[in-house]
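One chain follows as C-alpha cells, the form predicted on its own.
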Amino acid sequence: MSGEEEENAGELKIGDEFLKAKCLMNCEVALILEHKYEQLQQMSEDPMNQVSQVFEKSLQYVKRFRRYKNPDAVRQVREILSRYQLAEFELCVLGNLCPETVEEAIAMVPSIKTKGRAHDDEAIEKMLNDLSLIKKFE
C-alpha cells in the first residue's frame, strides 16, 4: 500500500501484507494452544515449569472468547465462511464475533457489502444462519 493511501478496513484498504496474511479465529488458536499445552504436560512431570505466563494468558484469553469449542465445529465454521470468498480478516471477525443479523455483520465488517462483491443481504443471512446452526448443534 502506498504511503499516500490511508488504510480503511471497511473498504478492504488494509495493505497487501495483511490481505495476504493467514488469520486465525480465536477458536482455532485455542485448539492449537491446547494441543501445545498437552504436549508440554506430557514432556514434563511439572507442566507449569514449561509454560510461560504469556502462553498461559494467551490460552486463557482465546478459551474465554472463542465461540466454538468442538474441533469439528471449528473446521465447519472456516469451511462455511470460506465459501463466501471473504478476506481472511473478514472471515475471522465474523467467526469470532458471530453476528446474529445482517445489520450486525455489516456494522462489524462493512467491506462485505462493498461494490463488486457478491454479498447481498440474502447471502449474508444464509451465511449467518449456517453459522448459527453449527453453534446450535455443537
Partner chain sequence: MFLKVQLPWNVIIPADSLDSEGLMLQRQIVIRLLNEFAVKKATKDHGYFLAVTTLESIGEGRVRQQTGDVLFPVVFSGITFKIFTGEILEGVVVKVLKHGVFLKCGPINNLYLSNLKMPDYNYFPGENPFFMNDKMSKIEKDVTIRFIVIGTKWMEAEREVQALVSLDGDYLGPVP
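Bear in mind that the values here come from a model prediction, so they are computed numbers and not experimental data. Positions refer to the first chain, counted from 1.
Absent from the display: the form predicted in complex with the partner chain. The rest refers to it.
Heavy atom distance at most 4.5 Å to the partner chain in the predicted complex, all of E34, R83 and K113: No: none of E34, R83 and K113 comes within 4.5 Å of the partner chain in the predicted complex.
In the predicted complex, E138 touching the partner chain (heavy atom, 4.5 Å): The answer is no: E138 has no heavy atom within 4.5 Å of the partner chain.
A123: touches the partner chain in the predicted complex, heavy atom cutoff 4.5 angstroms: Contact with the partner chain, no.
Heavy atom of Q76 within 4.5 Å of the partner chain in the predicted complex: Contact with the partner chain, no.
Touches the partner chain in the predicted complex: L128 (any heavy atom, 4.5 Å): Close contact is absent here: in the predicted complex, L128 is far from the partner chain, nothing within 4.5 Å, heavy atoms only.
Those residues of 84-100 which, in the predicted complex, come within 4.5 Å of the partner chain by heavy atom: Stretch hits, in order: F89, C92, V93, L97.
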